[in-house]
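Next up is one chain by itself, shown in structure tokens, the form predicted alone.
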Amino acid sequence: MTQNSGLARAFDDLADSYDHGHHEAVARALIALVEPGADDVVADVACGAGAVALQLAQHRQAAARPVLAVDLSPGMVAAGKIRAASLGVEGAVDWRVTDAVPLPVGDHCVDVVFCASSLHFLGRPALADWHRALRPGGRVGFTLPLATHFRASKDFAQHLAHDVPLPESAEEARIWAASYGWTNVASRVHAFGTRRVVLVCASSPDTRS
């Protein structure tokens, strides 16, 4: 069994008891920071049950391309589809069960990439892939748990990416993101009950200028 298949199984086991309320709150805060356009081409990377994708889907322009929602867990995607049906937005999300890296898109064709609560599992290759997928000047919004308020359970600790250091402050996250070529980096710590999450918004360099 590969590491990815083990992680998929861990999330499959969690799908029926997933904390939708927390992840929806994280998604709302991240979307508010990034401020995507209603017709932007958007990818929700390692989407889980689609907290970001579903909130975006409810405010899409009728002619906009569906939000691409990618996750390696069939159980999570199934839960997301059920939630999409309950909200009446089935056609506004393009669900894919596949690895999040690389994204199943062409080069420089996405306006915004979101990754909520997952980059610390994906690792640094995700950052390079987002540069590839984004149009020049495109934006990324991701979260990382604050190091001082995070302890992974034993089922997930073995899957943490060792090349993504959990930040101890918003400034530490900003500097880290900038060191991988992201520009216009903004970051903040957001409290969700007893949990603390660092929200990061940044741009891919606009090579046209």
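As the structure is a prediction and not an experimental result, all values here were calculated from the model. Numbering starts at 1 and runs along the sequence shown.
Note that the form predicted together with a small molecule isn't included here; everything after this is about it.
Checked against the small molecule in the predicted bound form, the candidates 54, 42, 46, 177 yield a single residue with a heavy atom inside 4.5 Å, and that residue is 46.
With the partner omitted from this view, the residue of 72, 92, 105, 79 that lies near the small molecule in the predicted bound form is 72 [heavy atom within 4.5 Å]. Of the heavy atoms in residue 23, some are within 4.5 Å of the small molecule in the predicted bound form.
The shortest heavy atom separation between residue 116 and the small molecule in the predicted bound form is within 4.5 Å. Not displayed here, the small molecule is kept clear of residue 129 by more than 4.5 Å at the level of heavy atoms in the predicted bound form. Using a 4.5 angstroms threshold between heavy atoms, residue 134 stays clear of the small molecule in the predicted bound form. The chain is drawn here without the small molecule; in the predicted bound form, the stretch among 105 to 113, 134 to 142, 120 to 128, 84 to 92 whose residues come within 4.5 Å of it by any heavy atom is 120 to 128.
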